[in-house]
Each structure stands twice: as structure tokens, then as C-alpha cells.
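The form predicted on its own is given below as one chain in C-alpha cells.
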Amino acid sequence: MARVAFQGERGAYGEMAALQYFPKARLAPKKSFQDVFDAAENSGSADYVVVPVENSIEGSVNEIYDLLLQTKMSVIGEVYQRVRHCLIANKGAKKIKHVYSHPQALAQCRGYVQKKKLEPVPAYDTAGAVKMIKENKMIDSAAIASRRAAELYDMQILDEGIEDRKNNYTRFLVLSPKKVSGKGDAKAGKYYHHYKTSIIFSVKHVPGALFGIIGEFAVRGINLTKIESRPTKETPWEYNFYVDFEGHVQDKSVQEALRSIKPKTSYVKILGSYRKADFR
């Protein structure tokens, strides 16, 4: 049985994403994203990790991008998790003044929180906020989390579907410390269009450098699905670029593109090729 680490408490959206990819996994909740990566990469207490990389409303999870730069693990899959937030409180709670949740969840429900005149209080996790309110018997406070979290901790749902935008999804990446050959079930070229590849690169500090790199993908008809920049943290105003594109590293056109961009970059890292997730 696979051991899978995720950030947060039982009932977190990370747990739901992990179960979507590994239905029979032995789950390992972790306090921080660094703890999640360490579980598979250092302590060996997990075989895989599942981490959020971007939300359809609030955008990218910057800490994950920084950890992807450092990790030696490979990205082997992705999951789209529907996010439907509930306002959750202790049974019998009536006059709610404060609402606790992860900062991303609070931001996704900003309009609702303001309308209800609740004081938002950041917490390290959505489900963790439910657990805290339950354990401390906080009758004037509520949490924003999933229905699953309310059920796991036997709490009352005061309102459901409170996110400001109903088309709310979080994309999670699945990583493994095992070396991936890059072949897998993509050996037959007809399957390459079912795959994505993720890479990181930094550009040389010359005019048109980024344009020249992206052009190598464009002339080969390779569709970029995501591009994100993060400071290198070594030289001011220089950036690493995180790019997802359609195709597999064994695809001839992808191999040509990667060879072509290498002399135009100062650093390239292939995070992995993986089957595209169904968007539900």
C-alpha cells in the first residue's frame, strides 16, 4: 500500500486530492510543505507526495515552486480537486464572530466573509482550523473547510458553497523520489498528446532571451499550458521560469525543443512528464 504525504490535517483538500490519485493509500498528514517533501525525500516515511501548485482563483502556491527547484523528486502525475468551501462550527454555535482557515481559503471566500462581517483569522490548514475550533470548544468561531472535514470532526455546517467563484479548482502535483525513466506507457508516440511535461529554467541576462526560448516551442507546435516566474534569490531581479507544456520528453519534437533551448539558458531542470489529469 502506497504511503502518501500531504499538507494539513485529515479532511484537507490535499487529502482529498491524494485519495483521488491513490484511492487505497496510507495517508500521512504533515504540518508544512517542507515536512511533506522531507517525508519522501529524506526520512523515507512516504513513497509519494501530493502538493497544491495552483488554484483557479487565487493563482500559484509560491512555496511549492521554490521547493520544486530544490527537490530531486520527479513529478509523476497531477490532480484537479474541486474546492467547495463550507462554514463549519461547533454544534449549537450561533453568533459567529471569527472565521479561521488557510489564507488561500479565506481569500477565495473574501466576499462572503465581508458580507457576514466576520473577522478572518489565518490558520495553517483548512481542516486544521476545524480541528482547532472543535478541540478548544470555540463557540464564537467558525472555520472554512470541506464537507469532509466537518464530517470527520463531527461538526455543524452552517453554510455551504461559500466560495466567491463557483468554478474553483486546485491543481495538485504528485511527486516520487524514485527515478523515472521517462518512457513508461508513453513508448507509443500516439499517446504523447495525453501527457504534460514540467521544466524549470533560468535565462541569460540578454535582450529577447525569454522570447527566444518560448519561440523554440512555438515553431514546433508545442502548446505551453503554464508559465510562472520566481526570483532566483541569488541575484536581484533575475528569475527562474517554471513551464508546463503538452507532450512527453520521449516525443521527438519535445526533445528537439529542449536541445534548442539549452544553449539559450543558464540552467534547465526537467521535473517530469506525466499523464494529463481529467478536469472534473
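A quick note: this is a predicted structure, and the numbers were derived from the prediction, not measured. Note that residue numbering begins at 1 and tracks the sequence as displayed.
The same protein also exists as the form predicted together with another copy of the chain; that form is not shown, yet it is the one meant from here on.
Residue contact with another copy of the chain in the predicted bound form: I139 places no heavy atom within 4.5 Å of it. Contact check for K134: every heavy atom lies farther than 4.5 Å from another copy of the chain in the predicted bound form. Within 4.5 Å of some heavy atom of another copy of the chain in the predicted bound form lies at least one heavy atom of R165.
In the predicted bound form, another copy of the chain lies farther than 4.5 Å from every heavy atom of K116. Screening 232 to 240, 247 to 255, 22 to 30, 42 to 50 for residues having heavy atoms within 4.5 Å of another copy of the chain in the predicted bound form returns a single hit, 232 to 240. By the 4.5 Å heavy atom rule, the three marked residues T71, S260 and P263 all fail to count as contacting another copy of the chain in the predicted bound form. Shown without its partner, the chain has P120, P122, Y124 in segment 120 to 134 as residues with a non-hydrogen atom within 4.5 angstroms of another copy of the chain in the predicted bound form.
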